[in-house]
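Quick heads-up: it's one chain on its own, the form predicted on its own, in structure tokens.
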């Protein structure tokens, strides 16, 4: 119940930033339209690029806009707070709490993601559906699988962002690592172009990396390209990376406990 309370309060905290949310919805909608025009031009030249038709491509563009902030593809969320608290030393208070630091901030990030999915995820998608011919999931099962995929995408993203934040224990500033992680996530998640357009071995490699969980996997489930046992295998792929990354975070935090020195007070 504690972690549910943390997630709920994180949801309510982000819901106070109404102006920022409205500005974000507008921005995502504008970029969604621009990307759709680009994709339309590309698919007119190659109507089955990557196995997608033009409707798949346009739908993919709006799913991408819906998940940028929800999954925190470019970084941000609760892990930014962790990095700031490491810099100021306030993380010592977190380490003294009788609860898991990892569980606390994962709950907070899931609360943030839920708010962003309901606002900056749903609203731009509605705008896209009004302006373009988009493809909807095939039925309730597909909707459910998509929501599970998005939840796992947030957990995988949190694991990578938490590792970046924990680098502050040793570097005192995570700016460089965070910028590098954002660039990798932007290209390897499929946000710039769908990973199915990557040529040969680079596509297989990108699809095997954790960043493909951010966008490519949820989008393929939404589009029906991964259904039935194939969809379950995709969810298992995401869950596997989530466990690996959370395990790595726990090990790094345990190692960092030996480095933290609390002075004064």
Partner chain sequence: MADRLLWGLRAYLLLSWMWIRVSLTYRTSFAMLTLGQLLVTGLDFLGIVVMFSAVDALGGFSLPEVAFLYGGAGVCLGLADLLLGNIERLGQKIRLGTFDAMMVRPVPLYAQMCSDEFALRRLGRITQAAVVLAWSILTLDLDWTPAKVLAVPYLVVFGTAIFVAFFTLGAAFQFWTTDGSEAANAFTYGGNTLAQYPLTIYPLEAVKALTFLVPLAFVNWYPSLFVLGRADPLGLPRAMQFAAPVAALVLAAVAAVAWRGGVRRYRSTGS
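Residue numbers count along the first chain shown, from 1. Keep in mind that what you see is a predicted model, and the values were worked out from it rather than measured.
The discussion below concerns the form predicted in complex with the partner chain, not included here.
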Item checked: Stretch from 29-37, 52-60, 236-244, 218-226 whose residues place a heavy atom within 4.5 Å of the partner chain in the model of the complex -> 29-37
Margin query: By the heavy atom within 4.5 Å rule, which residue out of 130, 93, 180, 141 makes contact with the partner chain in the model of the complex?
Written below: 180
Notebook entry, point to check: 41, 176 and 199: each with a heavy atom within 4.5 Å of the partner chain in the model of the complex?
Noted result: yes
Checklist line | residue 161, heavy atom within 4.5 angstroms of the partner chain in the model of the complex | finding: no
Note to self: Considering non-hydrogen atoms and a 4.5 Å limit, does the partner chain approach residue 20 in the model of the complex?
What the structure shows: yes
Notebook entry, point to check: With the cut-off set at 4.5 Å between non-hydrogen atoms, does residue 193 touch the partner chain in the model of the complex?
Noted result: yes
Notebook entry, point to check: Is there a heavy atom of residue 104 lying 4.5 Å or less from a heavy atom of the partner chain in the model of the complex?
Noted result: no
Note to self: Within 4.5 Å of the partner chain in the model of the complex, counting any non-hydrogen atom, which residues from 112-136 show up?
What the structure shows: 120
